[in-house]
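The chain that follows stands alone, in the form predicted on its own, written as structure tokens.
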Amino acid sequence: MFNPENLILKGLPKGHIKDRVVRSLMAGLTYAIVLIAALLFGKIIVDGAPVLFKAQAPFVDFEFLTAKNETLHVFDDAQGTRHQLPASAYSDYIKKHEGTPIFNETTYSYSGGGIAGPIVGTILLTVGSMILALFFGVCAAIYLSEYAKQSPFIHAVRLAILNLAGIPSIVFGLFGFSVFVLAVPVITATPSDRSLLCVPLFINDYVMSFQGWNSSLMAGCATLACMILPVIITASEESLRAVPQGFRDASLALGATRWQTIRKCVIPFSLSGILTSSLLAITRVAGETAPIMFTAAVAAKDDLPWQGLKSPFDLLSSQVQALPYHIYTLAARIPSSEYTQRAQYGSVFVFLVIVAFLSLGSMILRSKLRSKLKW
């Protein structure tokens, strides 16, 4: 007599073994990823934290965070004492001990002083690119989600946006260099000699000169914004589509316009998803080296970006330092030594802390928005 229970019991052991094997495999892969990440962060913390933190009060090396980056001079005095002084302190030492011999002097570029310039430059590039990318990205997502009719052209646009997300950052760097640095139009009365084209505006001597913004903060922010636009557009569009259609229908039935409906009933409920996309974008844009190397970053700069400027708008046209490029310079262009490694790991540690704070701020803001808006 056929008994279904016997068939089920016979199949259980074999299926149970497969389930255990698959579960163990998945768990092993997951914990392996966690272990690799823990080892990576542990290495950075072990080597980088001692650069920033001290055993004596105030326990934090504020000079490393607030001083400008300089060349490090390592030498011995006549008594055999080893000195490690940045360029400015070294000049003061030479003036104070004029005529006193020094021995075994060695210099290490970009390894002395602090990293105030790279920190400020990184924050300016990240904030500026996020403002541009969120504005244009959310606007594009609203159009694609709320206004555009489904057609082959719109499908091709979405496919192009997805393809942009896979383009290497070095390509965006070359694009930013050729467009924003060399070719974007500028309204000026004194066009550059390398201007590609000048269009007269018939207002005094002003012309529209296709000469670009040169290597500047503005060019770097625009390039980074283009790089993260696909992520923000795609995630924002999905967040907008996740809002129930009933919200839109009810608003339109009450006499609201399409824009009023989007502004009052759609965008507020999709902000948490939009902030999630910005969270992913921050972690990528803050760590890019190739785009800013072509468009905005400089290895060394004596002043902070806003120092020595005649107007606030000059800040946008000035070059900046950046932590990713600073780390790249220390790791790839300077001969490795215990002094360069100290500056390198200290910069990496501070960079991770900055990215963590930016991400934490986005997560807190997203959590607060989610708690206020429930449906």
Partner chain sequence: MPNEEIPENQAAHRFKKRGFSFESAIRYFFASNAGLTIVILTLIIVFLLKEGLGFFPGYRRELEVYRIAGLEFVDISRKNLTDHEQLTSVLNRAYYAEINGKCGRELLRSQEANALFNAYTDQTSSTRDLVLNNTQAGENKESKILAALGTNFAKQKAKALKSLPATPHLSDRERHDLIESIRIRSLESTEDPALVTALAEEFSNAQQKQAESLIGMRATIDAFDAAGAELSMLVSEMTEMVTATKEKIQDADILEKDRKTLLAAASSAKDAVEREKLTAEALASLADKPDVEGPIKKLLERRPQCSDAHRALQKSVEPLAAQLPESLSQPEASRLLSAARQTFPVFITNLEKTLPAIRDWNDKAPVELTAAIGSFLTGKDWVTGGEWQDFYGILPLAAGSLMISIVALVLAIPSGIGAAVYVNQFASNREQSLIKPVIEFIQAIPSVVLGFIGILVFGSVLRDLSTWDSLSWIPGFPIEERLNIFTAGCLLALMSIPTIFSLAEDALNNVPSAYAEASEALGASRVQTTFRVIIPAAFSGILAAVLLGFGRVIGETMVVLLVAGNRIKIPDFTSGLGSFLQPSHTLTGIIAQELGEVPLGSVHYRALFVVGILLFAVVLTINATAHRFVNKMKR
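What we label the rigid core is the largest C-alpha set whose atoms superpose within 1.5 Å from one form to the other. All values derive from a computational prediction rather than experimental measurement. Positions refer to the first chain, counted from 1.
Another form exists, predicted in complex with the partner chain; not displayed. Remarks below refer to it.
Contact check for residue 178: a heavy atom falls within 4.5 Å of the partner chain in the predicted bound form. In the predicted bound form, the partner chain sits within 4.5 Å of a heavy atom of residue 143. When the partner chain is considered in the predicted bound form, residue 54 lies well away from it, no heavy atom lying within 4.5 Å. None of the heavy atoms of residue 97 is located within 4.5 Å of the partner chain in the predicted bound form. In the predicted bound form, every residue of the candidate spot (156, 162 and 324) has a heavy atom lying within 4.5 Å of the partner chain. Shown alone, this chain has one stretch from 223 to 231, 298 to 306, 201 to 209, 122 to 130 that lies within 4.5 Å of the partner chain in the predicted bound form by heavy atoms: 223 to 231.
Among 239, 109, 169, 216, the residue placing a heavy atom within 4.5 Å of the partner chain in the predicted bound form is 169. Of the listed positions (74, 182, 271, 235), a single one reaches within 4.5 angstroms of the partner chain by any non-hydrogen atom in the predicted bound form, namely 182. Contact residues in stretch 331 to 347 (any heavy atom within 4.5 Å of the partner chain, taken in the predicted bound form) are 331, 332, 336, 344, 345. Taking 2 Å as the criterion, residue 259 does not count as shifted between the shown form and the other one: its C-alpha moves by less than this amount when the rigid core is aligned. Shown in the overlay between the shown form and the other one, fitted on the rigid core, is a CA shift at residue 332 smaller than 2 Å.
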